[in-house]
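Below you'll find only one chain, the form predicted alone, shown as structure tokens.
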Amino acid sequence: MIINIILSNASSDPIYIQIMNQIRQSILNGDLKAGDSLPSIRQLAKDLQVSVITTKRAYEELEKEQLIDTVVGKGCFVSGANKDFIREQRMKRLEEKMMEIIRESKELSLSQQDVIEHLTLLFEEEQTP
């Protein structure tokens, strides 16, 4: 399993937090699904050119959040146990995007009805094959 993690030395976040945030984001946005395997702690450390201790800590924190499971001798996998949490987080992100749309539509002097009609149109277009 290849996951795209980009580390920034300019970030104020420690490296293990950067790793955690990016794996968490991949799980929450559905790029990584329940049962997907993650790279081993050693492999991820090698790929990112960081200490094994750093990747171990990131995985341990994700496990505490019940986002991943570690199976001795098999590796780490995206957990299926925390579906409600994942759904709640995705709903929160969707609401944030909707708030952004509302703010933008107000700046454009669109009415609520205008926005609903436009959204309905886009929704229907998305569903047509």
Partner chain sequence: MNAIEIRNLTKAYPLFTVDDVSLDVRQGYITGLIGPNGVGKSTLIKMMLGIVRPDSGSVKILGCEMPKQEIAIKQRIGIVSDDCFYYEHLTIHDTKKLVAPFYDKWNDSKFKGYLDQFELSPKKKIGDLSKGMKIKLALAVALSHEAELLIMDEPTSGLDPVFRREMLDLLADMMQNERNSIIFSTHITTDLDRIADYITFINRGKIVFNEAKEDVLERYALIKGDMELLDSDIRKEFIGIRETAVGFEGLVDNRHKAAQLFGNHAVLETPSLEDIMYFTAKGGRVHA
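As the structure is a computational prediction, the values presented were derived from the model and not from experiment. Residue numbers count along the first chain shown, from 1.
There is another form of this protein, the form predicted together with the partner chain, and it is not shown here; the text below is about that form.
is_contact(R90, the partner chain) in the predicted bound form, heavy atom dist at most 4.5 Å: Looking in the predicted bound form, residue contacts with the partner chain do not include R90, since no heavy atom lies within 4.5 Å.
task: Decide whether L28 counts as a contact residue for the partner chain in the predicted bound form under a heavy atom distance cut-off of 4.5 Å.
output: No, L28 sits far enough from the partner chain in the predicted bound form that none of its heavy atoms falls within 4.5 Å.
- request: Look up in the predicted bound form whether Q43 has a non-hydrogen atom within 4.5 angstroms of the partner chain, and give yes or no.
  value: Residue-level check for Q43: yes, a contact with the partner chain.
- prompt: Does L122 reach the partner chain in the predicted bound form, with heavy atoms at most 4.5 Å apart?
  reply: Heavy-atom contact with the partner chain at 4.5 Å: absent for L122.
- request: Would you point out which of 29-37, 61-69, 45-53, 93-101 contains residues with a non-hydrogen atom within 4.5 Å of the partner chain in the predicted bound form?
  value: After filtering at 4.5 Å, what remains is 45-53.
message: Within 4.5 Å of the partner chain in the predicted bound form, counting any non-hydrogen atom, which residues from 5-19 show up?
response: Contacting residues: L7, N9, Y16.
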